[in-house]
Structures are given as C-alpha cells and as structure tokens.
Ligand SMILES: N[C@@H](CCC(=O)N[C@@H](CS)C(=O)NCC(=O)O)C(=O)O
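Here's a solo chain for you in structure tokens, the form predicted on its own.
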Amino acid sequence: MALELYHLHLSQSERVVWLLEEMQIPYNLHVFKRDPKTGLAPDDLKAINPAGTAPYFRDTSVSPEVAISESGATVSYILSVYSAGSNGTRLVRTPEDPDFATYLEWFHYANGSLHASISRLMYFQFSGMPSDSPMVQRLRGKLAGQLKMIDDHLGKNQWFAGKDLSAADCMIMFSLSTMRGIYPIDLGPYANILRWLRDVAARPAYRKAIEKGDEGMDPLIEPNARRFTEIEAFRGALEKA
C-alpha cells in the first residue's frame, strides 16, 4: 500500500486514523505505545521520525515520497490528493459550499485555539503549579468560554460544519475525548458537546480507528472521562487534578 501512517497510542494522530477509516482508503498502520514510565514516544518511533512525534505520514506513491509529521497538514494533504467525497462522505468543504467558511474556521480552531488552550493547562498541571494560581484560573476561564462557544454552536448544528460530518470534526474530536484522559475536563455542563461525542462514537469508522490504533479502548465520551493513571509520569498529576 502507498500510504504509511505511524500512530502513537493515546495521541492526536488518532485524527488521521479516523479520517482514513471514514474515507476507506487502504493504508498501513504502524502503532507505537507510549513509554509506561515517561509517557513519551518510544525510541523506535523517534528513529523513524526525527521529531519523535505522531502522526508521521508517508505517501510512497509519488517520487520523491511525501513525509509529513503535523496532523493538520496530514489531514489537508489526504483530503487534497485523495477523494474526500468517496463512499458517500463529504469530509471537505469547497468555496462554492455555503459551509465553506465555517468548515475552515473550525478545522483550524482545533489546533490553533482549542488544543493549544488545553495543552497550556496540561503543562501547568504537570509542572505542579497550584490550581488556584491567577494564571491557571485565567486560562481555565478562557477554556470555559471556548467550551460554551462550542456547545452553543453544536446546539444549532449536528456537526461542526453543518448537517454532515467533515474533517473539522476529525480534527476536534481528540481534544474533547482522548485528551481528557491526560488533562481532565468536566463536560457535564455542555449537553450539546456530549451529544456530538456520542454521535462520533457511534460511527463505525471511529470505532474501527480506536480498535486499530488504541487497543479498542472505550471512547472517552462521558462527562468525566477516565484518567490514564496507568502511565507513571501522568499518575501524580492526574490523581491531584
């Protein structure tokens, strides 16, 4: 097969696995487990991708072959080069589509704002900064505002770009589901987000992606997700959160 995807267990490369399953494109999946002590990528992934991160994606059907290690860039490449409308899906929006601007905004919001906000709080949590510090409180307030904005949007739209699933949903899902196993977020106040999470988890392609890439774990779609305390480096911070 021409496409090679290197996926790190419990990581944002989950987005690309799900996308490829939705598009039903043949690909080879290489799964790597986090180090059980450090929670970091193993050395064998670092030997393949110098950045030591996932996803790492290769398209060997072209010369020179394409190699990408950013999830947003990988998703954009696949949507541009391969058929994003295959199998009845409409994963990409084009300029003539009325949802085009909405699609673009949420697609880039995933990493540009949402994941960045959660990651900053996660770093403070793992550094031991007190949860009542002014900086942490300010960042939590900003995240709460983002979650309300998302919830309001999903109260008016089934999916992020309207009535049909799009790659914007593929980009956002990890931050609101699996990521909460590393940085806990209570989604109890956000009924529309929870409805959307259930809709994603009901999709056969998402279930297949989790089965292939994350050992068939139950999708983290409840108001309070389970915590990945089995990883030693995460345990202390998660038990205090």
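Sequential numbering from 1, following the sequence displayed. The structure presented is a predicted model; accordingly, all values stated were derived computationally and were not measured.
This next part talks about the form predicted in complex with the ligand, which is not shown.
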| property | result |
| --- | --- |
| Partner proximity in the predicted complex: T53 to the ligand, non-hydrogen atom cutoff 4.5 Å | yes |
| In the predicted complex, E70 touching the ligand (heavy atom, 4.5 Å) | yes |
| Touches the ligand in the predicted complex: A201 (any heavy atom, 4.5 Å) | no |
| Distance check, R58 to the ligand in the predicted complex, heavy atom within 4.5 Å | no |
| In the predicted complex, segment of 23-31, 208-216, 39-47, 59-67 with a heavy atom within 4.5 Å of the ligand | 39-47 |
| The ligand: the contacting residue among S117, Q125, Q158, N111 in the predicted complex [heavy atom, 4.5 Å] | N111 |
| All of M173, T178 and R180 with a heavy atom within 4.5 Å of the ligand in the predicted complex | no |
| Residues within stretch 2-41 having a non-hydrogen atom within 4.5 Å of the ligand in the predicted complex | L8, S11, Q12, R15, R34, L40, A41 |
